[in-house]
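Only one chain is shown below, in structure tokens, and it's the form predicted alone.
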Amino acid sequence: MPEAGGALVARDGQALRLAAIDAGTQGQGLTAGMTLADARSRCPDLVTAPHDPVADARELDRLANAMIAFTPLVAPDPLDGLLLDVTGCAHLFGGEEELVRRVLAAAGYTARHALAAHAAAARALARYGSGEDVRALPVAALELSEDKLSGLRRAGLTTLGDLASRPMAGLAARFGETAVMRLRAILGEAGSPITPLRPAEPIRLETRFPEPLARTDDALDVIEDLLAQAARIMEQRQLGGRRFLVLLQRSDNVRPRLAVETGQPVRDPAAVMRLLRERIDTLSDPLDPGYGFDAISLAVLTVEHLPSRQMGLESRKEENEDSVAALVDRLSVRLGEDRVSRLVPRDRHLPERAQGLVPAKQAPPVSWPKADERPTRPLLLLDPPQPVDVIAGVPDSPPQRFRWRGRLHDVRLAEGPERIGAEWWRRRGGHLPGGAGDTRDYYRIEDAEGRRYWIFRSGLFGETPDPRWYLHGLFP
């Protein structure tokens, strides 16, 4: 059997599909887009990992910034490509071959590459060809829809050279103008400019004084003015700051530093000033001007995209979200980031481990159930689950009556079961057949008084002779 390859897997509706495959997997008949079940049938030893498109985009951006060492004209080509305009740069590295060798070594990945006179041709050769003749490329290089590509092949047009020999007006009428535009771009008959990734100029502002500032309040006024200037720059660039650093230079060469960090990108000077004042209040040594401040500088160390907001029907909701974010920032500055936490969901199988606490500033955006939505799982979990006595009709049926804390409850409605298996892949030795309590069957039930509960049976009758019942959660 050939050595197992690797693939990245992503969910597509109710199916798991291969999002990307490595070179070793291609030789086993697997292709991107194939369902994981079909791939397993062909390659039982296939090694898979979840696809993370956000991490891919972040890595592509990192590589694009690294390529600026070879040329200032670098453009990402999502999802997995880079375009480099090396015009006038190759001789600095000893020629094109040496430049290509250094670029591939700096990338650190096994990569396909191509050199051409313009970007569209280089991109098509790298992705769909193996030589230097763009006319020999397959029509797939046009990246049209599958039905149009099938139509081209049925018409006997299999390469770009076949298309180039036909009248463009006829191709546009039958297969669309997009096909003609992309063909002309690859052939070099139309321009294919790239939009280079230029590193943004860092936001750093400084004010120097002819006479030292002797009052702390005057220094704070200057800081607020610098923040207003930085806000105007960030608004022009559609950015918001996450980390701000203020450096005050005293006449005796002492340089106090004030640093604050926000949970979300902001460019409101008043919001940042509130955090800076909170930071000053937490200092063991007050902000002493000494013999006066000679200069004050401000640097926005971390920025993120923040488009201009248009006030509309959702303005009240946005104001509430901003108020919560501002409260989190103030508490984090005053109490410390590790003491202000937020619940985030975790990719764990068992309900009691499906969420965890992380510092609120590091928590990603989370979509919790809305107030008017009926959750399928309770918001309140009992830790640990409390045992209950249950009367059920037949095995594997929902409870008909249960006793909790000495009180008897008659079940009026029941929904389930939702079967949850144990996380056997986290145990040494894998799945252990016959282990008591390996499987849970959860039921959403409502008693005669309208109260709703989340009850599960620990273990199946095939796993243990006497499964026990537990109350795990309460619905609002």
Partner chain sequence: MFQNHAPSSAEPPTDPPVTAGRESLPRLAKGQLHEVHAGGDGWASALAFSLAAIEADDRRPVLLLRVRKDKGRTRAMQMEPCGEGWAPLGLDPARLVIVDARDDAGLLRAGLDAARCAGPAAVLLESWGRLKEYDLVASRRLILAAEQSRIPIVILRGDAEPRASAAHTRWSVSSAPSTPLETRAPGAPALHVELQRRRGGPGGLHWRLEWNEEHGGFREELIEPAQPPLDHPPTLPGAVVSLDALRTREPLRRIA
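Take the two forms, superpose them, and find the largest set of C-alpha atoms that agree within 1.5 Å; that set is the rigid core. Numbering follows the first chain given and starts at 1. Note that the structure is a prediction, hence the values are computed from the model and not measured.
This protein has a second form, the form predicted in complex with the partner chain, left out of what is shown; the following refers to that one.
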Discussion item. To test your reading of this chain, name the stretch in 132-140, 211-219, 401-409, 244-252 whose heavy atoms come within 4.5 Å of the partner chain in the predicted bound form.
Written reply: 401-409
Response to the item:
Checked 415, 423, 45, 52 for heavy atoms within 4.5 Å of the partner chain in the predicted bound form; positive is 415
Response to the item:
The listed residue (384, 95, 191, 72) that reaches within 4.5 Å of the partner chain in the predicted bound form by any heavy atom is 384
Discussion item. Let me test this: is every residue among 341, 377 and 450 within 4.5 Å of the partner chain in the predicted bound form, going by heavy atom positions?
Written reply: yes
Discussion item. Within 4.5 Å, heavy atoms only: does residue 444 come near the partner chain in the predicted bound form?
Written reply: yes
Fill in: Distance check, residue 281 to the partner chain in the predicted bound form, heavy atom within 4.5 Å
yes
Practice prompt. Considering only heavy atoms, tell me if residue 392 and the partner chain come within 4.5 Å of each other in the predicted bound form.
Written response: no
Discussion item. I'd like to check something about residue 470: if you look in the predicted bound form, is any of its heavy atoms closer than or equal to 4.5 Å to a heavy atom of the partner chain?
Written reply: no
Fill in: Residues in 326-341 with any heavy atom within 4.5 Å of the partner chain in the predicted bound form
327, 328, 330, 331, 334, 335, 338, 339, 340, 341
Fill in: Core-superposed C-alpha of residue 60 shifting 2 Å or more between this form and the one not shown
no
Worksheet item: After superposition on the rigid core, does the Cα atom of residue 356 shift by at least 2 Å between this form and the one not shown?
Response: yes
Worksheet item: After the core is overlaid between this form and the one not shown, has the C-alpha of residue 161 moved by 2 angstroms or more?
Response: no
